[in-house]
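This document opens with one chain alone, in structure tokens, the form predicted on its own.
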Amino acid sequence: MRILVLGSGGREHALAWKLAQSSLVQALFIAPGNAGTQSLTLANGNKAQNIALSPNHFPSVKEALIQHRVDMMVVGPEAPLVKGITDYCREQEELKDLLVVGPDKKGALLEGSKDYAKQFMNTYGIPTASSCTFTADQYNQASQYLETLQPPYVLKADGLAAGKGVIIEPDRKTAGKSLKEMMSGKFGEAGDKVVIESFLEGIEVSVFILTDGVHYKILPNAKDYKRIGHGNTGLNTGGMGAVSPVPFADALFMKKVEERIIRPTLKGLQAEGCLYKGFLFFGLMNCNGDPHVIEYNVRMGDPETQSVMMCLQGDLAAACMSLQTGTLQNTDLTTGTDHCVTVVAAMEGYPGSYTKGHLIEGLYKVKKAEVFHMGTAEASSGRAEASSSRVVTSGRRVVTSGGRVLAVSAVGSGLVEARERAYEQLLQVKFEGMYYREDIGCDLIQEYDLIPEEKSML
């Protein structure tokens, strides 16, 4: 089979890394990809290939799919899905046999509109926080609604905002200020509507499934770390690290997730007439053992995907292809026994302004972990380096090109071992302005008393 992974970040690198392990994959393309995806090696010995195009320019995507005789396209980022790339491909006669792993435009509304998602959950009885939605010209009404809530206050831009459209404020004054900023265009069109909801007390977990719209396979769960600073402080980011699986997501908790959330969601999508073949992400809050939905994503998360793919057992390519034939239930995808910790290295200044083009050194020294590239590019020349992830960068230099630059993912027999290995391997990598959080996974280690002496580090 010939596969194209659409996107350029760490999520797409991790997906491509896992797909490349399948003996079914004859050719693998990543569009546009990054410096890491360019040199992935397939099980058959062939090299993956980057294709320079914009994922949101559908005619260019179509041209690449036809030129490279692609059988299956896995859509990584949310924007093309929300804009309707799956529908677009199904309308093209030349692509009639193509499988797109990603929902249609209607299904993608679960992520494309937080207001729609809240209405969907309320309609189909899916547990979530109480909320109310206001348009940009309803500041006074929204402000009055804030008065009915207890702090902290949760404000969400309705549309896509690159993972930064959720603001949690500790007091009424700052909540009012953030509300005014959101309604005044802080997030552009994404803030034309603002969802205000009650705060859910608990601990977050991300649950992922692969589904053909009827059947589903639960993938390894994960927890990500959104805030830029140590101890979950500072601004929200696209994610500064992740762990998988999560200690508290035991069989009883996951049974509740299936019965109360996954199955009602799929039944709701069927009732809404959505054609959903792809990944579905449930951002959950564990409230005293009961799961509540914070948000839906209609694709895999980043950097959770890096940890999830490291823990996933089975042939992902075969499972994805089964979506075409409705035989997903016959495939074998399971969660392995290892744990994984992923730590993101970002540029100083992120999520604000930052510089680009800094040489990344030491990739070849990482031996006991995988390096998933997020915001990297190739420079024209330089000394040869080789990293893990079966990435060979011989004869070329890798430089920074984004705010989140790369992620180091390491596995261990337990969370503590995986965490120690991830940080040990991350120390091998260097670039000017490199920043990372030093506490990824520490909260879980402390909360679940996985190793008492680790508490002294917190």
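Residue numbers run from 1 along the displayed sequence. Just so you know, these numbers come straight off a predicted model, no measurement behind them.
Just so you know, the form predicted together with adenosine monophosphate exists too; it's not on screen, but the next bit is about it.
Is residue 138 one of the residues lying within 4.5 Å of adenosine monophosphate in the model of the complex, judged by heavy atom distances? Answer no; every heavy atom of residue 138 is more than 4.5 Å from adenosine monophosphate in the model of the complex.
Closest heavy atom of residue 197 to adenosine monophosphate in the model of the complex, within 4.5 Å or not? So residue 197 counts as contacting adenosine monophosphate.
Within 4.5 Å, heavy atoms only: does residue 285 come near adenosine monophosphate in the model of the complex? Answer yes; at least one heavy atom of residue 285 falls within 4.5 Å of adenosine monophosphate in the model of the complex.
I'd like to know whether residue 105 contacts adenosine monophosphate in the model of the complex, with contact meaning heavy atoms within 4.5 angstroms. No, residue 105 sits far enough from adenosine monophosphate in the model of the complex that none of its heavy atoms falls within 4.5 Å.
Residue among 217, 358, 83, 226 with a heavy atom within 4.5 Å of adenosine monophosphate in the model of the complex: Contact check passes for 226.
Could you check which residue among 160, 129, 98, 146 gets a heavy atom within 4.5 Å of adenosine monophosphate in the model of the complex? Partner contact (heavy atom, 4.5 Å) among the options: 129.
Adenosine monophosphate in the model of the complex: within 4.5 Å of a heavy atom of each of 410, 439 and 442? Not one of the three qualifies.
Contact stretch among 320-328, 344-352, 358-366, 199-207 - heavy atom within 4.5 Å of adenosine monophosphate in the model of the complex: Among the candidates, contact is made by 199-207.
For 167-194: residues with a non-hydrogen atom within 4.5 angstroms of adenosine monophosphate in the model of the complex? The stretch 167-194, when checked against adenosine monophosphate in the model of the complex, contributes only 168 at the 4.5 Å heavy-atom cut-off.
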